[in-house]
Ligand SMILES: NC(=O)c1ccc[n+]([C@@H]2O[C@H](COP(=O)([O-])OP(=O)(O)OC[C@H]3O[C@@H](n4cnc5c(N)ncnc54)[C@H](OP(=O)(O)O)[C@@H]3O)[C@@H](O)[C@H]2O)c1
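As a starting point, one isolated chain is supplied in structure tokens, in the form predicted alone.
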Amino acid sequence: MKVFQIGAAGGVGRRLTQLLTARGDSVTGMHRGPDQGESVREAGGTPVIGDLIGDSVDDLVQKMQGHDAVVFSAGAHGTGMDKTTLIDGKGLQKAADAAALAGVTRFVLVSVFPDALRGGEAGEGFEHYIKVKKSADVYLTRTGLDWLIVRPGTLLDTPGSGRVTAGQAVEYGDVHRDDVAAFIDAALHEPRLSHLIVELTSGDTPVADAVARLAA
């Protein structure tokens, strides 16, 4: 499988590239900063510079052509509400439109758990982020793409366990970036996981079994 990753230099993106290339897939990793290219390369991917704000849909089509799937894990990462709108929101719309035009029907979006940080001091910027991500989810579901939306809980950088809780509705919790990447790696190769929104947290079920249960 040839996978086009948007946000390949991020925490989930790097881990996913390593898993995909280990199983023999090829990964083209799109990143914004020139200094991020080496990170993509070290993970086993082929880096390509791209900018969800500056690139047009046609620019993205040219980059995506020839691939079998797109994984979107890019984000503004707290750089301001304007950039959240342009990257997490309009950037996703551009990417989905480009995938359709490029003939890349399989599209996996890393979204956010709707209960994230509720009851805490999230602030206006985070509330805007949640709203934008939800609108992006809605946009993707209304396309003709073979989409899958993964909504992880609060992301952890500590080593994963290989075990998760996954379902259309699960209780909110933390989840390791390692395990999010492992879930996406397995889900990409399970064609029955299509037109589905999956909430994902740490749990007791091996990733492969969690994917198989959802597919069934």
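This one's a predicted model, so the numbers in the text were calculated from it and none came from an experiment. Start at 1 with the first residue shown and count on from there.
Keep in mind the form predicted together with this ligand is missing from the figure; the text below concerns it.
Contact check at 4.5 Å (heavy atoms) against this ligand in the model of the complex: all three of 7, 129 and 152 pass.
This ligand is not drawn, but in the model of the complex it has a heavy atom within 4.5 Å of residue 111. Contact between residue 53 and this ligand in the model of the complex is found at the 4.5 Å heavy atom cutoff. Within 4.5 Å of any heavy atom of this ligand in the model of the complex lies no heavy atom of residue 99. In the model of the complex, this ligand lies farther than 4.5 Å from every heavy atom of residue 136.
With this ligand left out of view, the stretch that reaches within 4.5 Å of it through heavy atoms in the model of the complex is, among 62 to 70, 28 to 36, 186 to 194, 162 to 170, 28 to 36. Residues 73, 74, 75, 77 of 59 to 85 are found to place at least one heavy atom within 4.5 Å of this ligand in the model of the complex.
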